[in-house]
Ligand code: HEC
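Below you'll find only one chain, the form predicted alone, shown as structure tokens.
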């Protein structure tokens, strides 16, 4: 059996062993559209990566030894090819803080009307998505966008489908807690004192807050609630899928799964251009990040009336930049646990993995009737990475089989991330 660290591309532009902590930087493809934040990787380099990965795995697998690495007082348990996450200096991560955050995450008393928890839209068995096309808030109002998964959220520099300004879990949490368009948790000036009173009345929280914030006279308040929930979210590490064990030489993939892997990392399907690295996406931040890229992509999902419009209120990055070239651009989500996070896309409009592959193989979506009719394949902002791919039925099945190897069954039922009130 060959025991070799996973090859990665270093900042200097050479192949190295182990985690380099760097992201491949490259010139855009010729003809890249102005206003795009997309940085396109060098195709030859990524093809070499796929071939190197396949050759290494074919030799018996890559040896990746689990390692415990500390960041402050918290000890991360990560595979060797996972970088140490970045944790903000003003909210150091501790076990006690994460445990408090877990309780708050699952507690419906944290919502304005006492009916909804963070977990209402983020179910552990679905990798912290909810299985709906779009979620509903505590007052029944529908959210315009599909609930994103929280697995490995600590590695996401941006935390929503299209908002480039929310760069921390603490900042993002203010939106579901206090936002009113749409209403999610429904906390506002009129009821926030009532919500805090519910927590203060429970001796459990008296003890949990005291342990998480020792020496603080009155820790039960919104700043520390935010810090605790963000801390819990940072601990939601998914790194033990069959694919991970395959890289570590601990498990084999079937012939079909290996064919899907070759397609995924190869130049035919080209999935790796937007779904690469340890987290299978193209936005990543960690403790060693020095250069941060924030690409967003238009995948040809809509082109209403062939005017470039997307259904309101989902115009993508354009909503924040007012740059017409950003209309329809959204963040590429991580593909970890993608098997259990249906439906897909920013609006939940694609029901299955098979339908996702059909969309990309077609180079976009043609809608022939109804209010959203238009040819997304012809959208002027569509990414150059989205073009027609000649995938037959067997190749699509192979790709789906590989994608299912990214499911981390242990993560989906890990008691550290489960509802602490379920056993009470």
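No experiment lies behind these values; they were computed from the predicted model shown. Positions refer to the first chain, counted from 1.
The same protein also has a form predicted together with the named molecule, omitted here; what follows describes it.
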*asked:* Is it the case that residue 160, even though its partner is missing from this view, gets within 4.5 Å of the named molecule in the model of the complex, heavy atoms only?
replied: yes
*Residue contact check: residue 299 to the named molecule in the model of the complex, 4.5 Å heavy atom*: yes
_Can you work out whether residue 367 and the named molecule are in contact in the model of the complex, taking contact to mean some heavy atom pair no more than 4.5 Å apart?_
no
*Would residue 172 count as a contact of the named molecule in the model of the complex, using a 4.5 angstroms cut-off between non-hydrogen atoms?*
yes
*Could you work out which of 261, 338, 212, 285 is the residue within 4.5 angstroms of the named molecule in the model of the complex, going by heavy atoms?*
338
*Of 346, 278, 242, 224, which residue is found within 4.5 angstroms of the named molecule in the model of the complex when only non-hydrogen atoms are counted?*
346
*in the model of the complex, segment of 82-90, 196-204, 250-258, 264-272 with a heavy atom within 4.5 Å of the named molecule*: 264-272
_Let me test this: is every residue among 234, 317 and 405 within 4.5 Å of the named molecule in the model of the complex, going by heavy atom positions?_
no
*the named molecule in the model of the complex - contacting residues of 78-110, heavy atom within 4.5 Å*: 105
